[in-house]
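Take a look at this single chain in structure tokens; it is the form predicted alone.
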């Protein structure tokens, strides 16, 4: 079934604090963004003792505009690309008055309300940086952190990593040849259209942020160009008069059915290559979906001009692979992010090329007690998946569920990793892709198996 929630499904507010059970294992949660708060809620409701450390002073991570933690990629016009019912946690729908695709401030308010509704804000320690996470000789986890009371260390039985993967900006490597006299910023540093006003702008990239920024540039810049090496199928947010992601299919169906649905959406949306962007070399289902309601109008108006990939930088101009060049004094690199964990030694855990294979995208096969929450890129929203992962881990820690034997876990991990990577073209952008509905169905099925391992039935 489709993962949709309705207003009547909102759980009642919690009035009394739940006391942790000191006989249960301890956990450290890193981050209080959308995945971190899902983890904190699951542990809190299971009465598992835990600490949740948040670098900044606000809940919501990426969705907090100008977040004090300095990690948010949120900009003034950012709105969700997944409709509200498909993004919401299962027991806390977004308010009925929200638009189909909520703005960033509405999403941030929703996350704060979620924490307060279920009464676990007191479990989050704000303004605290996790400096180092080390695996001890006895199999526990030593966490060094710096917070309001200075530098401290604590040991835990488990760590849930929920630090997000849209904060460590990735620039082109190697850098394009030549010199540039103007300003260069990554999309992570983009805040509002005022940064673009009056400039000759080249936006480089083909994802959702590139589309949004290029559309804004077309409105306020002296000149606006979007440069793409690879074409993308750009879907519309609305099809047949409704949010396009609410046209759903049974979650147990195989991936090719989702791929066919994306292809149908791409056909109805219209191929942006007809407006001058590169022709995609892949089928619609072979890349992470890109959505934009404004890119077609910007291109048709002539206020945004399409360009191929960059060949070199030339002082106050950018030269493209077709030999053309344009005046430019501002380049916005919308070129994605690196998946990094600054608190973990790279010899212990790293993700070269953004690739970190995990069992069910959350369990490291060699490091018991280390879990990753929200480290996936769904064809849909991450929040319900983080919620399901967190509930699964909490049940593991209380003993209600059990993981498969290590050899079986490795076999399943390898099979899933191979299957996922066959679906998409090879790039750092597609190393963590999952199908939203199928992943939830698959994790639900795995939960039944995990319960049977405990009961022996």
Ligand SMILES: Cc1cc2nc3c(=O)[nH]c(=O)nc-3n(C[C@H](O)[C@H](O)[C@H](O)COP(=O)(O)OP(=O)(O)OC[C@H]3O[C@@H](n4cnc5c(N)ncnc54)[C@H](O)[C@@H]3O)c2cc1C
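The model shown is predicted, which means the values in this text are computed figures rather than measured ones. Positions refer to the first chain, counted from 1.
Not on display, but discussed next: the form predicted in complex with the ligand.
A.B. asks: Taking the ligand as it sits in the predicted bound form, is residue 359 in contact with it (heavy atom to heavy atom, 4.5 Å or less)?
C.D. replies: Residue 359 lies outside the contact set for the ligand.
A.B. asks: Any chance residue 43 has a heavy atom within 4.5 Å of the ligand in the predicted bound form?
C.D. replies: Residue 43: no contact with the ligand in the predicted bound form.
A.B. asks: Does the ligand come within 4.5 Å of any heavy atom of residue 78 in the predicted bound form?
C.D. replies: Judged by the heavy-atom cut-off of 4.5 Å, residue 78 is in contact with the ligand in the predicted bound form.
A.B. asks: Should residue 71 be classed as touching the ligand in the predicted bound form when contacts are defined as heavy atoms within 4.5 Å?
C.D. replies: The answer is yes: residue 71 has a heavy atom within 4.5 Å of the ligand.
A.B. asks: Tell me which of 310-318, 375-383, 267-275, 150-158 has residues with heavy atoms within 4.5 angstroms of the ligand in the predicted bound form?
C.D. replies: After filtering at 4.5 Å, what remains is 375-383.
A.B. asks: So the ligand isn't shown here. In the predicted bound form, which residue out of 388, 432, 394, 55 has a non-hydrogen atom within 4.5 Å of it?
C.D. replies: Among 388, 432, 394, 55, a heavy atom within 4.5 Å of the ligand in the predicted bound form occurs only for 55.
A.B. asks: Note which of 363, 298, 130, 196 lies within 4.5 Å of the ligand in the predicted bound form, where distance is taken over heavy atoms; exactly one does.
C.D. replies: When the ligand is considered in the predicted bound form, the option within 4.5 Å is 130.
A.B. asks: In sequence order, which positions of 162-184 have a non-hydrogen atom within 4.5 Å of the ligand in the predicted bound form?
C.D. replies: Heavy-atom contacts within 4.5 Å come from 162, 163, 164, 166.
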